[in-house]
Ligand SMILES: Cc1cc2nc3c(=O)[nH]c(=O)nc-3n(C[C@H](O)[C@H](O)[C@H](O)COP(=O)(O)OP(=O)(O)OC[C@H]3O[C@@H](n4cnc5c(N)ncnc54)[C@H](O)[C@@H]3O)c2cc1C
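Shown next as structure tokens: one chain only, the form predicted on its own.
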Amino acid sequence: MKCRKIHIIGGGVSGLALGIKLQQIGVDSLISEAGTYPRHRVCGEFLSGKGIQLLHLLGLYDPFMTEGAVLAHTIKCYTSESESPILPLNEPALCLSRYSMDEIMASRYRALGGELKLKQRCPMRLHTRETGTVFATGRLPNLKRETALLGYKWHVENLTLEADLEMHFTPLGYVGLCRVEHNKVNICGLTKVKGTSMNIKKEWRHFLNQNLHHRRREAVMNSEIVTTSVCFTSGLSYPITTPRIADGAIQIGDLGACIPPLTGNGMSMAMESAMMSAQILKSYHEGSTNWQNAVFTIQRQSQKHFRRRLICANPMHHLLMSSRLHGLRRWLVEHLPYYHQPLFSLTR
């Protein structure tokens, strides 16, 4: 006898990927999403590593490319005083806005027979044994202003990049630039709340002028912002931790294992956690395992699968975000050719 359908709370990358996979393997599911589609989200919009392989399995690669997704092959890093040469990425990354990505994934989920409820906010009950429910609601906020980070994102037009991915490290954070569909460039980054006096929403040109390499400022200043793409999120933090363990709850995506976004591997991990969970949830749905065993198995698999990446990425994040180590960042950027490929591999 089959159990009721799987209820996924959260319709971001991980929730939609899980819903699509469950429908593919014959498991009825329901996604409850607090927002609507399409919409912009703070995101690097840079999918690399195992995530691209999973797009093929989910039937999403061709729709993404048809929409105008861009393959990134090169990277260049900067501080305000130094720059690296243009370097090859270990493997291509796929760049597509979340505005398009989420809408395509939602359409794919519906086409497979999935039930999607929008503007449906569900309570967070992570410590209850609510069987059949998967939480994919994104990372938990950090409410301590002195340790929190501000994330920002907007698109610009008429901007030529020197590499497919540009990373600009600043005394208070970093700015990443990559080309997405329709010849737009995604500008996304993190900055410390403490020490930031300007209103970035209103003074974004001044903010970038202060933080970009001097040779790149004019090009960015002359670009045209897409005002509808501007979005911010506060209360971000990335403590040195392993995947989250919670009694009785299945947590996927950033809620279960959140990697610092500067690695460019967050969306891939979201998809990977969804794919790892799908077969176990199928066993529960068909009655061959109980909910407690399903929760335990998914948690342990997540720990094993993501542990190395988090151990490597979190200290790297704190090093690159420390205002006291800006001189070291400058040295690292200048010597990037010697270590960028091993670092890329360690976070994937």
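Sequential numbering from 1, following the sequence displayed. Only a predicted model underlies this, so the values are computations on that prediction, with no experimental measurement involved.
What comes next is about the form predicted in complex with the named molecule, which does not appear here.
Q: At 4.5 Å between heavy atoms, is P38 in contact with the named molecule in the predicted bound form?
A: Taking the distances in the predicted bound form, the answer for P38 is no, it never comes within 4.5 Å of the named molecule.
Q: Check L30 for me: does it contact the named molecule in the predicted bound form (non-hydrogen atoms, 4.5 angstroms)?
A: Output for L30 is no: heavy atoms all beyond 4.5 Å of the named molecule.
Q: Although the named molecule is absent from this view, report whether H155 comes within 4.5 Å of it in the predicted bound form, heavy atoms only.
A: Residue-level check for H155: no, no contact with the named molecule.
Q: Does the named molecule come within 4.5 Å of any heavy atom of L22 in the predicted bound form?
A: Result no; L22 lies far from the named molecule in the predicted bound form.
Q: Quick one: in the predicted bound form, does every one of L18, S100 and S277 get a heavy atom within 4.5 Å of the named molecule?
A: Not one of the three qualifies.
Q: Let me know the one among L236, V175, A72, L116 whose heavy atoms come within 4.5 Å of the named molecule in the predicted bound form, would you?
A: Looking at the other structure, the residue within range turns out to be L236.
Q: Identify which of M316, A34, L57, I311 has a heavy atom within 4.5 Å of the named molecule in the predicted bound form; exactly one of them does.
A: Comparing distances to the named molecule in the predicted bound form, the residue within 4.5 Å is A34.
Q: Can you tell me which of 280-288, 45-53, 295-303, 316-324 lies within 4.5 Å of the named molecule in the predicted bound form, counting heavy atoms only?
A: Stretch 45-53 is the one.
Q: At 4.5 Å, heavy atom to heavy atom, what parts of 256-281 sit next to the named molecule in the predicted bound form? List them in sequence order, or say none.
A: Result: P261, G264, N265, G266, M267, S268, A270.
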